[in-house]
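Take a look at this one chain, the form predicted on its own, written out in structure tokens.
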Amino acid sequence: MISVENAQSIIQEHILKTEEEMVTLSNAGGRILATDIFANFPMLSFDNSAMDGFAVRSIDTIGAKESSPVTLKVAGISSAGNPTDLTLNQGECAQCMTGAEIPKGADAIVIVENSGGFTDLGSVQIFKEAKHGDHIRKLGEEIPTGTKLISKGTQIAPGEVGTLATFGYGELSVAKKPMIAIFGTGDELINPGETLKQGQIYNSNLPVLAELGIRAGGEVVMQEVIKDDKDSLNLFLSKAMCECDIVISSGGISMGKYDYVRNVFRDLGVMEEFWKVAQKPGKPLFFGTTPSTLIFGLPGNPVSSYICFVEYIIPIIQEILGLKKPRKLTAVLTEDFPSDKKKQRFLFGKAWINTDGKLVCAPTSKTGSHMLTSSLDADCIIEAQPSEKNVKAGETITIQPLNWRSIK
């Protein structure tokens, strides 16, 4: 039996290399960028008008006011998408719409409100003196060419989608999602929706583990409940280990008469890296490897499998994707936390910001590894190192936030 820290270190030594794939921008939401994104042109890409009005040479408007307007000849029109190629000469202006390119020679915009509109002679009156640069958005003022826009490892959200679209990225390289196979074993398991018979229980672990895998950024491509039979296990695992990056079992890894999974792993050439970790819950945790696949054997008890997935597998999936590991925090306990003399202890918990602005937490009142309802409303997992004494209320303790919940 090894420590939690040692187990995590061993898994870290076998991280799979991040693979990349190209996706279209419309399918990029939520994916992880595999390369840095740079501005391939300046933004703005040309000088344009911030307002509807008239492009002018500011020198031609000196002294203009409502009581003595300056009259300028309208030499043309520039509108968004339809720029003019004219160059303004002395005494000339051009009607210019919002977003339109600024004509050559112009250095300011007089907004419509400060003009008298067109005259019958094709001219306009200017009622306010313009200053150089008025209402002009300048080329490159937001982003110069070559600026790094988004860093590798960023999860693509609406802001990133908008920026990628703005700079013309129709497709991009993202981290390929690790392919995951999840299976459970047990003659007593049936799927939700079916009718329970005497001695049967609903399979809750696989839906939970699949949901956790998806939330971590993986793609669950195989998911099956397998009867307590070596041949069935062998058939499923042979396929899973060929097609998937990560294979996860729920149950069948302990020391019961029908716990075949560990032996089948061995028969298929899986290199056992460790089995049994000094933790509660989740002691019978298995980790093995092949040249291309990571193998996790999780305990069958639902709380054990849930917590082991969060502590061991989510960090691995996210690192494969190029993301940073989930960050652990420290919080102040509001009630005692039950330690274990020899094992690192994990419990679901609730964390919140108290009236003093401190992060505090409390463990669930349900401590059995079979009590999955202890995860309801939990927003963190609280953990404590092995100790002869319980961690007392008022002391600090480590928590792992569950990123699909908000700590308030």
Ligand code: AMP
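All residue numbers refer to positions in the sequence shown, first residue = 1. Bear in mind the structure is a predicted one, so any value in this text is a computation, not a measurement.
Beyond what is shown, the protein has a form predicted together with ligand AMP; the following relates to that form.
Of the candidate stretches 196-204, 274-282, 97-105, 322-330, only 196-204 has residues with heavy atoms within 4.5 Å of ligand AMP in the model of the complex. The partner is absent here, but in the model of the complex a heavy atom of Leu189, alone among Ile246, Leu164, Ile314, Leu189, sits within 4.5 Å of ligand AMP. Put simply, of Pro178, Gly288, Gly213, Gly300 only one has a heavy atom within 4.5 Å of ligand AMP in the model of the complex, and it is Gly300.
Within this chain, Gly218 is remote from the site of ligand AMP in the model of the complex, having no heavy atom within 4.5 Å. Taking a 4.5 Å heavy atom cutoff to ligand AMP in the model of the complex, the contacting residues in 216-252 are Ser250, Gly251, Gly252.
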